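The chain below stands alone and is given in structure tokens; this is the form predicted on its own.
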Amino acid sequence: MKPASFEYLRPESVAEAVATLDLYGGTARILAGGQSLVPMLGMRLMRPGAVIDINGLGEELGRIEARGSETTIGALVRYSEAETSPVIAERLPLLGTAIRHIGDRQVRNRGTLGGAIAQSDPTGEVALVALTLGATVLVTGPGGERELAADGFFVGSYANTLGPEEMITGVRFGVVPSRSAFFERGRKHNDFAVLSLAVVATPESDGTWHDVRIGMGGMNDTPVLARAAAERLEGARWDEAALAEAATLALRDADPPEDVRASAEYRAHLLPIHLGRLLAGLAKEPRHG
């Protein structure tokens, strides 16, 4: 099947792209990496009035910037660039690790971080990391610029609070905990995740752990935080009993869906097992300094 007809436009600036979105009254769509949009166009699951190709806006949207305690990643930064970035490796190792689980090399060479956030896939790695690290989504629209907390940005399966006449320009991260771990399980290589987990925390010299955040993908119609599990581990020593209890508590914040990849019962069965293992592995990492 071929896409339905649409106007193809290449703006020369973010301002022009936003003006075009406004002109089409919410019926236009942004084209960046095209890893999600192009297949939907081909299957006619999406029939926009216009496709706005922003690939020429790398000067505005293609940078990775470290300023003080903040790290900002432009919406057009490709997965492959973030995957090999020394800045990401030093400041956001969880993101670098998660990106290696995305698709294959061809997908990572084209896909963009802004596109991943906009797609809001409930099993998406970038969305999960953004939520877990408490990132801020940078948005520009006809009314100017907005900053949206990742915690609250995702509101449903492939749905978010981005307005139809707005575009994502970047994602900003603040200071992140010193330790991180990521896990993903799918039916097969390159398939959508049945379950994905992201954990960050900071160990203290007295044996306690702080700044604990646990993100879960594939366990709801959005990526979600395992708040009860994190509260159990915050300020505590991570002994075997604490980790086992936290892994079970994660189910309180999960509402696993049932789809062609797995049943809700199977996802619920996997969650405490793999979260317990991930936490145990993180706790065993040697302390430095």
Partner chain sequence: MSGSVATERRTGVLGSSVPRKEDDRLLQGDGRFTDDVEPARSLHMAVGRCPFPRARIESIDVEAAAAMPGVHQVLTGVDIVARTEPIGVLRPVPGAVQLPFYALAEEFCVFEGQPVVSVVADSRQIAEDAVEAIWIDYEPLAHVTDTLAALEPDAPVIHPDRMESNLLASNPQHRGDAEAVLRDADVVVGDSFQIGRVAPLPMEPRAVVAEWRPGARELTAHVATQVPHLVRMQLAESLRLDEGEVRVITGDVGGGFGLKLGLYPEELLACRHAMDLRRAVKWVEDRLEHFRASTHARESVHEFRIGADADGTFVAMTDLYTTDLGGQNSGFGSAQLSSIVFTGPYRVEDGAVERRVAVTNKTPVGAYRGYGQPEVNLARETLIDRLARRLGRDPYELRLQNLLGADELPWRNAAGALYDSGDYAQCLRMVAEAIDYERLRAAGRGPGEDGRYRGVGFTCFVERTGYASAKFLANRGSRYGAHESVTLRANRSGGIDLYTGVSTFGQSNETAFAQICAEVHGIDFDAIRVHAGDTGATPLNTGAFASRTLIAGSGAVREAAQELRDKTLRIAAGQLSVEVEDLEVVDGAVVSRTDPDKRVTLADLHRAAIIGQGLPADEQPGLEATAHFEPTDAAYAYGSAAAVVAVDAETGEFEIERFVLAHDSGRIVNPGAVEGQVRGALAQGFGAALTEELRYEPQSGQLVNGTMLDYFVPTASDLPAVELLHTEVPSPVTPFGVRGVGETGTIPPGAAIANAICDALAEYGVEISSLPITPELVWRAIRKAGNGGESREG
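For clarity, every value in this text was computed on a predicted model and none was experimentally measured. Residue numbers count along the first chain shown, from 1.
Missing here is the form predicted in complex with the partner chain; even so, the following discussion is about that form.
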query: Residues Asp191, Val260 and Tyr266 all lining the partner chain in the predicted complex, heavy atom within 4.5 Å; finding: yes
query: Contact flag, Arg91 vs the partner chain in the predicted complex, heavy atom cut 4.5 Å; finding: no
query: Leu270 within 4.5 Å of the partner chain in the predicted complex, heavy atoms; finding: yes
query: His210, heavy atom within 4.5 angstroms of the partner chain in the predicted complex; finding: no
query: Exercise: Lys284 in contact with the partner chain in the predicted complex, heavy atom 4.5 Å; finding: no
query: Among 167-175, 144-152, 182-190, 128-136, the region lying within 4.5 Å of the partner chain in the predicted complex by heavy atom distance; finding: 182-190
query: Contact residue in the predicted complex, chosen from Arg44, Arg227, Arg237, Arg63 - any heavy atom within 4.5 Å of the partner chain; finding: Arg44
